[in-house]
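Read the single chain below, which is given as structure tokens and is the form predicted alone.
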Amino acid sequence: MPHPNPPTFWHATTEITDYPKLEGDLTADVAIVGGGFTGLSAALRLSERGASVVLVEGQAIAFGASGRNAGFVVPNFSKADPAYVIAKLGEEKGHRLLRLVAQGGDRVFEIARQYGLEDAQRTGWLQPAHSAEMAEALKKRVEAWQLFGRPVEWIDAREIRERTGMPIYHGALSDRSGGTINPVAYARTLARAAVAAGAQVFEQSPATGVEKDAGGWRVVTPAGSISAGHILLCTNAFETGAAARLGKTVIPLQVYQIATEPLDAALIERFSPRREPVSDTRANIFTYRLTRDNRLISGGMAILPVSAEQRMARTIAERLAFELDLPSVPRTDYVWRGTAAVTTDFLPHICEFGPNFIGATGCNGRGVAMTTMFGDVLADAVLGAVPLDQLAVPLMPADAVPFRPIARAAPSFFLIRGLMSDRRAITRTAHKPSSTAA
């Protein structure tokens, strides 16, 4: 089945099973639009609990953000501390969301174990602090997550240097419940499990519209339709067809990823002795992880995200070589881009589009763990286990982001400002980083 060029490392190296196109009219308890982690985890949970489910994907399973990320499993927020969440939502709702997010890593690796996903490594996750100010902030974050019983701890500058080989950091948050997966293999595992539980999954079947009908709702595709009492919209930041209702509520953020050539094991031992994925605190965030065949995966944002694949491939690879003190710039074997859905408050949202018609979005860069939990929350809402106003993910109006064309340019502005801030912070140490933005 075709995928956009250039292909991701994950699509190029994962066995792909095709699903049929929806042709004709079907009836189900629940129609799910979107074949990423959110839609697939919802389909699995609903099917296991006896609901009849039909899921349609406009392209192929894991075509979008679910298959185009780095495969980090991180059970927290990218831009929100627990204190911020509670201040924003209040004690009861804030704690409800925090408990859900904290379980994200556990849930992903439970699914991986239960359904035999081999390419899932629970090695933990590191968030190093690039400045003294961020070190103090991360220490408070550690204490806050520990109150929820999470296996999170603070490690000092000496230890983070031993675990990354990098001398610039002031310490790090270490979360033992995190790790890495092959995201395409994970999505495909969810799809197979959902089908085995009774769900019907269709690819190459874009939902061009949603209509009211006598039984509730009708999802329309080019060659068929689904009549269902409930609809779940799980389309991330896509903005075509039925997805536009959800896509307009977020800011799409383009993120570029590369996979290098396989590296020598002795070299890896110097900067990743425990094979832990790393995402630091810089505005121009530095990330890296290893694949099973010892490739480095890293990514970044472009100031001018237009025809930027080859430009970003070069700059991301050069940054890897610089930051990790590699003997040479590694060859880039794969480069691709994906789109993260960013909300204006950096929290996940559930939107209601009508009676029994809801969707979830806003992973804000924490896609694997967060969206897996989205699916469980949406399924619980459909099953009536939890009222909409008591769901762990806050219910928000399905309003378009104000001044959205301007808002789409905001990430580039903040990246430029962040680059200068990062440079000032790290110049105060013995190491000065290069820029990866291009």
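The model shown is predicted, which means the values in this text are computed figures rather than measured ones. Numbering starts at 1 and runs along the sequence shown.
Keep in mind the form predicted in complex with a small molecule is missing from the figure; the text below concerns it.
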Do residue 30 and the small molecule come within 4.5 Å of each other in the model of the complex, heavy atoms counted?
-> no
Can residue 315 be called a contact residue for the small molecule in the model of the complex at 4.5 Å between heavy atoms?
-> no
So in the model of the complex, does residue 130 come within 4.5 Å of the small molecule, heavy atom to heavy atom?
-> no
Is residue 358 close to the small molecule in the model of the complex, meaning a heavy atom pair under 4.5 Å apart or at it?
-> no
The small molecule in the model of the complex has a heavy atom of only one listed residue within 4.5 Å, and of 286, 238, 169, 186 that residue is 238
Among the candidates 373, 379, 56, 53, the residue which, in the model of the complex, approaches the small molecule to within 4.5 Å (heavy atoms) | 56
In contact with the small molecule in the model of the complex (heavy atoms, 4.5 Å), from 380-388, 394-402, 66-74, 22-30, is stretch 66-74
Output flag, 104, 124 and 278 jointly within 4.5 Å of the small molecule in the model of the complex, heavy atom basis = no
